[in-house]
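Here's a solo chain for you in structure tokens, the form predicted alone.
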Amino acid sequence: MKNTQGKANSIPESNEATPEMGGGLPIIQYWAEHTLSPEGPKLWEALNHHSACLACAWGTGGQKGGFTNESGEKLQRCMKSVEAISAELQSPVPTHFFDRHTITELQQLTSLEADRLGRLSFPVILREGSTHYDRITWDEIYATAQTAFQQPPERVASYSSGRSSNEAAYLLQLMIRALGSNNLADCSDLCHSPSTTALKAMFGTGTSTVSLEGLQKADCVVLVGSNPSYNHPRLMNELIKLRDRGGKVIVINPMMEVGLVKFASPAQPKSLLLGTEISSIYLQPIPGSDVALFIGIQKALIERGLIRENYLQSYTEGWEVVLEQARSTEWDSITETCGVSQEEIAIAAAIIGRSKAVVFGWAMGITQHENSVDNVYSIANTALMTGNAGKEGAGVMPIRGHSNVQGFGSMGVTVRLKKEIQEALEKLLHKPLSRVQGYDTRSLIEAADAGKVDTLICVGGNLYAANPDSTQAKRAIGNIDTVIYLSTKPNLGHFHGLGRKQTIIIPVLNRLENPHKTTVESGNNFVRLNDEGKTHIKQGDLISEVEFLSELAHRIHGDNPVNWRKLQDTKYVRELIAQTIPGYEQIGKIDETREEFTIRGRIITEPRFPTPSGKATLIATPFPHLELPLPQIFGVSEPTRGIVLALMTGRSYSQHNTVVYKVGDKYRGIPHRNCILMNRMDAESAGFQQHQKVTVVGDAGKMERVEVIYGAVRSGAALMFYPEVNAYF
């Protein structure tokens, strides 16, 4: 793999197992193997179901058809869709499986092995002192849960993921807030919370300011810390179309991903046959140096007269300080800190400054840092300096992960509730909401670790494995008396994230199986309506999340101030959402109109922003000072052969969040998950060879017999897979 665009720095080598491009015929082969297999008829039925994709937040499906995106374009399903649906179509976990396997045995499973156990089809409980999960009745579940939720409000909490519907999310937050608790942790706290925080401060809205239609009018995309060729393949179709119309793509990532260099889309015949060059220039900064890189881009824009100062004067605030910071920062400091040459930075700046409409997109390579909010500020500052906010085809676009993770935030599953929603909920509940600051995901773990949480309900997700410190997460969850999981399949959290007195796993129907209509929200603020469905599990004892949450709320709260059992009717839930969630007014009539819609007030196509002044705010960012620790910090003696690197953790090619579908990673040439991807020069300078087994030592522990794999990662950095490494680094 070669990058012919950025010539100032040496290009790291990939290994012999890395393909020449992403996508292509292997995807067609994967589709054929699955759709023509015995599961094929069920898979095709699910793929064509009128509901949003189970995988990422890059919207597809809904009322326009299972293969259709929000613009009405066909052939928009991807391999991620098939992987997610295929996993949900597994046979149920055998009836006596939990009788025959101790919790100690189950704790030896990998993420892949846990997922392959099959679908959960009956509820189970692990009681204090027991070695096995036992089957449990619904009466016992509700009685146990009702008692558990009678604890003081500050000792009750929830955690959730974007797997569920808007209706389930709304019910969850309403039930928890009616108790007097604001402890509504969510998986978004671990991914795009910094995006929400920064964008609200700058633009008055915490989501993408760009619609899919707007993206299709851009002539440049700056893609930072994101790998859609793995995680959001349908976004690749938009990048291919942009390149076909003469646009540019700037990729910024310490790891050179083959799919972001060249990609072959099965949805586009020309691209499928020949592949499409994606990156116009590929910059590989030092991990954690993004602020320095963007200050460099800003400095280059200033020096070339490409700043839109009239725009800044008319539509923004705080711009003078940000421009002065870029002017006064020395080039040597910038290039030394970010590891990208002045020449490459100048090329990227020229592309941005001379493009008519630029979209800036990023994912967790930007948001999972100590200075993550500053990272987003620096990107958005660059957008504003060049006038690329508040117009068609331009703006900022956090690339969300799970398919309804943004919808959960919209429904009020957040510790930072909007004032308008708070007031509307108080009117609905006929009482003031608690003003006590709630626990987000990390503070929930910290509180549980300190013994301050008694009851936790998890609606989807994997709180244990998603945490950056799984050792602490296991210990913290173990301090919680009662833990209740609502899940479709087993995951590592069910075996490691165990409550002190009892852990209950409740099998729930997925989006394609619900007996009622539901809705979800895409990462580009588009609301989709999901039709009813049915499950392939014939003898199961499953429940929908809406039914369980509304019944539990009734058991906890009685009939007042809300008729909780009436909320089992999702149409009624949508009517309440329309009354209480700003921008969601149209959802109240969606059952009659079947009209999916873009949420009001979020897509910004004119330079008037939903801030008190109507202007966007630029915010100066502290310049990062990065320094690798000495080997002695890790307890390594001086004569020991080795090297200190900045370790990045990421998903493999066939992985969705913490769920692993395949052991290897064909795009990076990695054969299994106990590997470390290194720059060849780094490895050989330390005396290592490819395929050698080494010990990798981190802040919290070490991993033995890790296989060295050469890859296209910049010098000074390395990559390993999560969730496996979360316990050590």
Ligand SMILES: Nc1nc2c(c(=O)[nH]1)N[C@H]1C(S)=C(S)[C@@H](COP(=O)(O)OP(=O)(O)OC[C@H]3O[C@@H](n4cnc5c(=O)[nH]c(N)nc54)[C@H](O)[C@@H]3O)O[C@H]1N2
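All residue numbers are counted from 1 along the displayed sequence. Since this is a predicted model, take the numbers as computed values, not measurements.
One more form of this protein, predicted together with the ligand, exists but is not displayed; see below.
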Which of 212 to 220, 310 to 318, 367 to 375, 144 to 152 has heavy atoms within 4.5 Å of the ligand in the model of the complex?
367 to 375
Non-hydrogen atom within 4.5 Å of the ligand in the model of the complex for each of 183, 439 and 548
no
Checked 227, 158, 580, 530 for heavy atoms within 4.5 Å of the ligand in the model of the complex; positive is 227
Just give me the single entry in 653, 584, 564, 609 that has a non-hydrogen atom within 4.5 angstroms of the ligand in the model of the complex.
653
May I ask you to check whether residue 657 falls inside a 4.5 Å heavy atom distance of the ligand in the model of the complex?
yes
Contact flag, residue 615 vs the ligand in the model of the complex, heavy atom cut 4.5 Å
no
Examine residue 339 and determine whether its closest non-hydrogen atom to the ligand in the model of the complex is within 4.5 angstroms.
no
Heavy atom to heavy atom, is residue 404 within 4.5 Å of the ligand in the model of the complex?
no
Within 4.5 Å of the ligand in the model of the complex, which residues of 252 to 268 have a heavy atom? Give them in sequence order, or say none.
252, 253, 254, 255, 257
